[in-house]
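In the form predicted on its own, a lone chain appears below as structure tokens.
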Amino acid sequence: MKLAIIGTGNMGGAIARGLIAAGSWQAGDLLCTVKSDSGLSRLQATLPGVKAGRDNRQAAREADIILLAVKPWFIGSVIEEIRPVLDFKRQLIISVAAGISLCELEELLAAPEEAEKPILFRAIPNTAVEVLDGVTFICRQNATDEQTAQVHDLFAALGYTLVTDEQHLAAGTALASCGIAFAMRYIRAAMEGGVELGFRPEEAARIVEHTVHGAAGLLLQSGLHPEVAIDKVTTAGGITIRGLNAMERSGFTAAVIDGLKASR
């Protein structure tokens, strides 16, 4: 089984590194392409063992699964380039390009003489796939349940994966992809608060990072609603409730919801 990653930049590279780290793919089974010679040098340095190159058509010809990880404005030209070597009977095509719908992908891939329809997936992962703790949303077109399970398992090695309908992808992007940045902004703010409270910056950073990681771990393991878990550490008249109420007076919850809605 060969996987071609067409456009191994930030997201394509994160997926490749995650798959290798998870042990679900061998480096030699990944066919990774980039646009420039300088990009190729970086790729060879950061992903040793993968079959790295600049020939998108050759990578697509050899692959069983083709992952289109280029910027949305390059999708048309890349599909035009690789279209002559695609085999819709055996190859699965996954796009991680934001904003390009399944119908648009199928239209770009269509050829008048082609009876077979392409087996298409859209996947929206976040960058934490690189550390095997990502979130990925998947939707499909012309795919069987077995093919969908194959793509699901590919991304499930990198974290939580949800097969959904296309209309939920924008919301998923805001919640999980933009959400990475939102969580990091909270971490940065808490770090700055920690420095004001007397910790050195590097100490504050580690404290907050582990605190956020621990909070998520508690919720994932217990299955508790966040408010139930909050109640367990919030005592009457205590310091935690004072801090929570001060944040709410400053619009904490409303700001998070507004940010998500604006991102969608």
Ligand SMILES: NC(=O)c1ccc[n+]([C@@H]2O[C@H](COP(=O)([O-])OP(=O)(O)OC[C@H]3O[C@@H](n4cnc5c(N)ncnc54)[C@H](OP(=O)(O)O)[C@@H]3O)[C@@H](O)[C@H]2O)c1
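Throughout, we count residues from 1 along the sequence that is shown. All values derive from a computational prediction rather than experimental measurement.
The next section is about a form of this same protein that is not shown, the form predicted in complex with the ligand.
Heavy atom within 4.5 Å of the ligand in the predicted bound form - the one residue of 108, 120, 97, 190 that qualifies:
Here the answer is residue option 97.
Residue-level contact is defined here as any heavy atom of the residue lying within 4.5 Å of the ligand in the predicted bound form; does residue 4 satisfy this criterion?
Result no; residue 4 lies far from the ligand in the predicted bound form.
Using the partner position in the predicted bound form, report whether residue 11 sits within 4.5 Å of the ligand, counting heavy atoms only.
Yes, residue 11 lies within 4.5 Å of the ligand in the predicted bound form.
Does residue 36 reach the ligand in the predicted bound form, with heavy atoms at most 4.5 Å apart?
Looking in the predicted bound form, residue contacts with the ligand include residue 36, since a heavy atom lies within 4.5 Å.
Interface membership of residue 124, the ligand in the predicted bound form, 4.5 Å heavy atom rule:
Residue 124 belongs to the contact set for the ligand.
Determine which one of 227-235, 36-44, 197-205, 212-220 lies within 4.5 Å of the ligand in the predicted bound form, judging by heavy atom distances; exactly one does.
Heavy atoms within 4.5 Å of the ligand in the predicted bound form occur in 36-44.
Partner contacts in the predicted bound form for 66-80 (non-hydrogen atom within 4.5 angstroms of the ligand)
Sequence-ordered list: 69, 70, 71, 72, 74, 78.
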